[in-house]
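Okay, here we've got a single chain as structure tokens, the form predicted alone, with questions on binding and movement later.
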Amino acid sequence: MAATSMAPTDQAEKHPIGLTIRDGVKVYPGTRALKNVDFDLRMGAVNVLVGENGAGKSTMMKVIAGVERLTSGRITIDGRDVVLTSTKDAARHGIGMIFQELNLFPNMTVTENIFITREKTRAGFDIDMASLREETRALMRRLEQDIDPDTPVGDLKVGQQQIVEIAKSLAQNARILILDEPTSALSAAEVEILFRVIDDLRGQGVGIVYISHRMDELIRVGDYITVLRDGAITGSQSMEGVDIPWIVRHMIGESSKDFAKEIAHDFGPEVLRLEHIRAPNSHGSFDVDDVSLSLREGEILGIYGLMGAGRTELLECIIGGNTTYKGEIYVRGERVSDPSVAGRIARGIALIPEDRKRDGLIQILPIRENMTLSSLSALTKGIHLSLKRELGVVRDFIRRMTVKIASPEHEVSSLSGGNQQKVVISKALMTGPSVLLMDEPSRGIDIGAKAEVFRVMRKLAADGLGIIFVTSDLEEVMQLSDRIIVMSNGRISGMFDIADATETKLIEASARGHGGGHGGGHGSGHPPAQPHSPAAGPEGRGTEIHAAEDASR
């Protein structure tokens, strides 16, 4: 899908500039988010936007979408100066945006979410729900999804909710469509569907802005690229001749930021054991079906699988979010009997959830209060909270996790996605866990923030923390894990020591619903975790499931 080489005149005719920002400046208290940016959005093309978390990508797009206003500078649409004062104002100019963080009403249906504030009425009195449901079905068919229009959005998986967000924008027939990390929660099949939709919209002359941290994805889908660093544009051109080193060099000013390098250490005794965990669902089957595993001190156990494999549901059983599961959980050899989340935290288990906005943070609270929310008992004496001690601990974690903030008293919602994730990780680590559960820890995090988070994971493991992390990213699971479990349809379909794991084996195992494992384990047994120094995976692996699947065919 990448653009082919064209002369400047051909580019202007085939992809005319529909929107521009000139000398754009956006200032927040203590932060200059945009610094005199000049940006051209071309129609009938995919304009990819890339940069580290906090680089200003989302800010610039919120300005275009009418969520924020420039402090200074101007915006033109079709050559005319405009002032976008609200999202409704932007929509009147044909601009729609799908935000990185989902903005849906969980207690409302799919149809109600898609057409909220734009409902069709009969004679101006009552809402024509039958017509809206039919339009919703048509949108779902276009997106190749079988989602019932009357399903409450809160009952959908994160990937399905992302599909609803996309349908919501498509329903408004936007001329300019901004996609902020649209594939962050999608399976490989859903990513392919989205790319087909993007190709269709491009052919209709829609100007698309595509923000993503997945490098191969940007090169595959983009026609033009703009790179932001610290609020300034450091590179802008057609995708002709652009490769990953070019993108990384303009993003971070150096040739690469590698994943965490190994820290040699031996594993300690078993810290966590699961025996025959089964979690029933409302359909009469099991989200988690007879899963047993063990984890040792200092070990990083990666759980790989596609969306719906039961990975997140397994972590919910361990942390106490699901109280209907059957089976036994042991921490340091002692059976865990307290079913509550607080009880599990007290036993030394902590979770970094997949959806940080919904499950990991309270958006209206300051960064300081979010960080210490799970460890207040350690900061109190009697009934009094020591604010001085709390602030000292928070500042220590801000430094250790390199959280980019102006003040710990600012609302956590003011941070970029990557910095919000670091706050969630800090909150979990403040509880002093023996077992750390990480559900898609790099979702929505740029390459630099990933390296920082993964270095922390390696350091924590070297200090004796047992880590289970769930991911659908092959590169991550191969480079970070000491041992890998593959899940499919709620069961363990493969188990590998890192020395025996290959991308092809992982993909094949993820496609199986049942059966024994490979390379040192079996479907529901307890493989011996051999002490060894973790080895980083080879360079240059594909960062997306679909890319790896293509390679394995």
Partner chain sequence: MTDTTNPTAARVDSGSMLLLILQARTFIALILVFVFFSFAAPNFLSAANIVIMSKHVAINAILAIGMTFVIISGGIDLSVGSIVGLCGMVAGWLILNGINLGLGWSIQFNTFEIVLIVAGVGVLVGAVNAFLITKLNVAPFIATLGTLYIARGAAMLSSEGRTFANLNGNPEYGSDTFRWIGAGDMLGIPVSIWMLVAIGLFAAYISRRTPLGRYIYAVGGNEKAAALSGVKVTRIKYFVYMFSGFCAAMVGLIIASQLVASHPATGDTFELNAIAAAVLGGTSMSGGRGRIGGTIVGAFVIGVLSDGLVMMGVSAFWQTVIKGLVIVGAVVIDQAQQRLQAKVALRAQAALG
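Positions refer to the first chain, counted from 1. Here the structure is a predicted model, which is why all the values come from computation and not from measurement.
Just so it is clear, the following notes concern the form predicted together with the partner chain, a form of the same protein that is not shown.
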Handout entry: Heavy atom distance at most 4.5 Å to the partner chain in the predicted bound form, all of 275, 331 and 508
Key = no
Fill in the blank from the handout: Within 4.5 Å of the partner chain in the predicted bound form by heavy atoms, the stretch out of 162 to 170, 406 to 414, 124 to 132, 282 to 290 is 406 to 414
Fill in the blank from the handout: Answer key: of 390, 148, 217, 112, within 4.5 Å of the partner chain in the predicted bound form (heavy atoms) is 390
Problem - Sole residue of 108, 376, 138, 462 within 4.5 Å of the partner chain in the predicted bound form, by heavy atom - result: 376
Problem - 4.5 Å heavy atom contact, residue 327 to the partner chain in the predicted bound form - result: no
Problem - Contact test in the predicted bound form: residue 248 vs the partner chain, heavy atoms, 4.5 Å - result: no
Exercise for the section: Indicate whether the partner chain has at least one heavy atom within 4.5 Å of a heavy atom of residue 385 in the predicted bound form. Expected result: yes
Handout entry: Close approach of residue 368 to the partner chain in the predicted bound form, 4.5 Å, heavy atom
Key = yes
